[in-house]
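What follows is one chain in structure tokens, specifically the form predicted alone.
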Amino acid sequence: MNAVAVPDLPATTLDAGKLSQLVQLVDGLSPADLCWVAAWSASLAVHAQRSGAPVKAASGAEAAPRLTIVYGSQTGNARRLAEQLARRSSEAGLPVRLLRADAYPQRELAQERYLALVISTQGEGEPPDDARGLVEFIAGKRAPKLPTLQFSVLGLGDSSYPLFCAIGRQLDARLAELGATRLAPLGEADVDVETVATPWLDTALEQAREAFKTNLSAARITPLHAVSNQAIHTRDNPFAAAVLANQCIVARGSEREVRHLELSLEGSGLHYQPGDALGVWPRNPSALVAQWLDALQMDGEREVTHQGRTLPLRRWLTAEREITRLSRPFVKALAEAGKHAALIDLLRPERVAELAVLLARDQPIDLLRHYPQAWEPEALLAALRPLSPRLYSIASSSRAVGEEVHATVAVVDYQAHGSQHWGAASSFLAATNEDGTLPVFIESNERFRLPADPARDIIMIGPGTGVAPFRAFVQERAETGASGRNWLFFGNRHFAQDFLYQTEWQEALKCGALHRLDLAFSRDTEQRIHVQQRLRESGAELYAWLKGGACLYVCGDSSHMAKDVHAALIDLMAEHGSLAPDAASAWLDQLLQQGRYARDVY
């Protein structure tokens, strides 16, 4: 654990009443919020100790300069990097505050002096849900002129998509247009985030130090990868969780295998809330690695040095590199290495739609076989992205299961192009026996939380494995005795084979933990029925729940389901609220910004 210097406390102590008030204020805050509170209160205390003045918060124009770090995150990467920048800035002696984008007071933008934005781009150039309001404000007519602001932007994205880092680029350009000055150049991080994020964080911090012009020459700036807390299991220091249960929860005739896993967190120090995700570091299937070595005609035991590390090639392909997900950079590297005209042509901007189909349909092994190419091992590793952890919505409430965490996993295992294909993490999880362990961590999802008011109704829409977090929600509400009603929409292919957690939902209905369950099984009838049809059929009552203050949650596929559900919600609001489509859409956006409409989509 990193040593933390604690200043000598004054002789006076906080009376019991004030201490109780303080505990109530900070109880339930997220780690990011607590980080900001700690940094803010520490800076006030240091200022007061030096000046001899009583501690009080400055306000308005009298507020002392500080570095404000704002993040917009859908999967947690932007939040993680923003927290790292905040921690390193605080360690360097800078006054800093850290805020999620939807918690940032937009009226304060005109008074900001130093601002760092860390934000991802989703799907087709969209901001993450928690940043929609801030992005619209900065892009809109109400944004103030910012001649005294110094800023830096780190954009996160996936270069396989045509609008790579579009939101980061948009914010960087707009802030400059409003008169602000860049503290650091725009950073554009691909899926292998650290490659760009690490130097960007170093530059942003150094420029912030220079801008503040404080006497920080004695402060030690450590490399990003060296800043860690070994006492806490994190993404970079996962916990080896014992597997307590690993069972298939679909019938024998199901077209897809779905497994329910129960893992022990005993002794880990890990805690989670309903809505959080379980991070798992996968290993690529040995059979797939063998396919790669055969296609490449390479020796898996050959020692290969890449980025300062020397490992057998088999180890690189098993545990260090992405070999199940096809990406645009790999297609580009293959096209250039072999001068394959068809691939070079496919990479032209006007063929972006065809490239998207290829990336979604095929795996890298398919291209290796179709476009044979002699590779040097070092060049091959450079063309592949680092293996990244997979996130699974947690399917349990710790109040109900104790020091365990549950997950619902759809196993990727299918035939294509005449050979077997696998997913990295799902195959790894499915193959782990109940006497094994899995490297895991908890990824907080602050935007996907049950309402603080237990009397508030909730509506949950989760087809397929998207139902996982709602198992946690229902467990939690039952354990806490929440009086609000719970309504679940669930859909899958077949009732008899794919009704995930069927007996649990039936028991929840029976005991009153679940008040309503609407089902859609798309392959059981000639006309395919999906959850969006069920939403429209129950539109009047659903609208009444929302008007009465209910919170709405959606979990599952982002490419089709989430969009179709969003469109259905707009339609039913327009119909039953007598609203124009634009007004219905605006109301839904308002619910999103208020946190009453939350999405966990992937």
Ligand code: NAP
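One rule holds for the numbers: they count along the sequence shown, beginning at 1. Because the structure is a prediction, the values reported are computed rather than measured.
Omitted from view is the form predicted in complex with this ligand, to which the following refers.
> Checking a candidate spot here: are Gly72, Asp102 and Pro128 all in contact with this ligand in the predicted complex (at least one heavy atom each within 4.5 Å)?
None of them does, since no heavy atom lies within 4.5 Å of the partner.
> So which of Phe473, Phe489, Trp200, Tyr392 gets a non-hydrogen atom within 4.5 Å of this ligand in the predicted complex?
The option sitting close enough to the partner is Tyr392.
> Only one of Asp557, Glu575, Glu541, Glu537 comes within 4.5 Å of this ligand in the predicted complex by heavy atoms, so just point that one out.
Exactly one residue meets the criterion: Asp557.
> Within 4.5 angstroms, counting heavy atoms, which one of the listed stretches 474-482, 366-374, 518-526, 417-425 is next to this ligand in the predicted complex?
Going through the listed ranges, the match is 518-526.
> Looking in the predicted complex, any heavy atom of Ala410 within 4.5 Å of this ligand?
Within the cut-off, so yes.
> Would Ser268 count as a contact of this ligand in the predicted complex, using a 4.5 angstroms cut-off between non-hydrogen atoms?
No - in the predicted complex, heavy atoms of Ser268 and this ligand never come within 4.5 Å of each other.
> Considering non-hydrogen atoms and a 4.5 Å limit, does this ligand approach Asp564 in the predicted complex?
Yes - in the predicted complex, heavy atoms of Asp564 and this ligand come within 4.5 Å of each other.
> Give a yes or no for Ala468: in the predicted complex, does one of its heavy atoms lie within 4.5 Å of a heavy atom belonging to this ligand?
Contact check for Ala468: yes, within 4.5 Å of this ligand in the predicted complex.
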